[in-house]
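First comes one chain, alone, set out as structure tokens in the form predicted alone.
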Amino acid sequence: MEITEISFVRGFIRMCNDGWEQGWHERNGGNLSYRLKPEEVEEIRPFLNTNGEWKEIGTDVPKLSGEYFMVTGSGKYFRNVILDPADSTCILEIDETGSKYRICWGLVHGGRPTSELPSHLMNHEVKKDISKGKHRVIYHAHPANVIALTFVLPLTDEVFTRELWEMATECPIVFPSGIGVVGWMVPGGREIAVATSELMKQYDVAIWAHHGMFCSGEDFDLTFGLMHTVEKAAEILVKVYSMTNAKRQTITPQDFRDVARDFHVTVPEKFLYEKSSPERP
């Protein structure tokens, strides 16, 4: 068996290709990471090289010590992952201190893991703790409609959540905890990683103003579906705004409470404020 025939590797490759086909990964934009299960590490162990050089992560993630991750490479193109995953992705190991990593497989023609590795790993550390180990996927993409809204809506969690919830009844069911928003920051460093990981303590979705979106989930399907749902809601909102500056009708706060009751989810009351008018914020 080749490593690319193993289930989680196939799932990783498929998700990269799905994101490319959605148009969310222009050039080398976006990145994906997956925290391996112990049995998956054992399954791929014959393919791993554990003699690689340890390199600094750029932040400390002690709760991820000894963990293995599959991640996309810096400067690599999502459209090429399906063609040559060994060139475009890698599997890395975190050292016992949580401050270093080494590449154990992949990036066969050189390169390094995604430049957003600090953000990914800090988010993984938070979500591993909060979800009691269930969350394993962190996905960053550049969906156009979400990005467009960061130039129009106030950059607050409350406004983004409420506006997107109103676009489709399924939204408060798919992301009931809401959406966090990070104002514009230089990507790739520890500062934006800290800001995002703080939001991930409350949410499974974080929007980077004028840049893109981060999503966290238990598996590839749930995480891709979360990104897809938020972006579709954003697309509907962009269309609404293109037709009018005021909504004639919408989903009300009590409607949201009724949906939450019937679908057994909890929606924070801070997003159910009464609006003074149906006009856009």
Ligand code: 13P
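The first residue of the shown sequence is 1; numbering continues from there. Note that the structure is predicted; figures quoted are calculated from it, not measured.
Below: the form predicted together with the ligand, not depicted.
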Looking in the predicted bound form, any heavy atom of residue 28 within 4.5 Å of the ligand? yes
Do residue 100 and the ligand come within 4.5 Å of each other in the predicted bound form, heavy atoms counted? no
Do residue 80 and the ligand come within 4.5 Å of each other in the predicted bound form, heavy atoms counted? no
Can you tell me whether residue 183 touches the ligand? I mean in the predicted bound form, with a 4.5 angstroms heavy atom cut-off. no
Three-residue site 73, 116 and 211 fully in contact with the ligand in the predicted bound form at 4.5 Å by heavy atom: yes
Candidate stretches 29-37, 61-69, 237-245, 217-225, one within 4.5 Å of the ligand in the predicted bound form by heavy atom: 29-37
Heavy atoms within 4.5 Å of the ligand in the predicted bound form is the criterion; list the residues of 130-160 that meet it. 140, 142
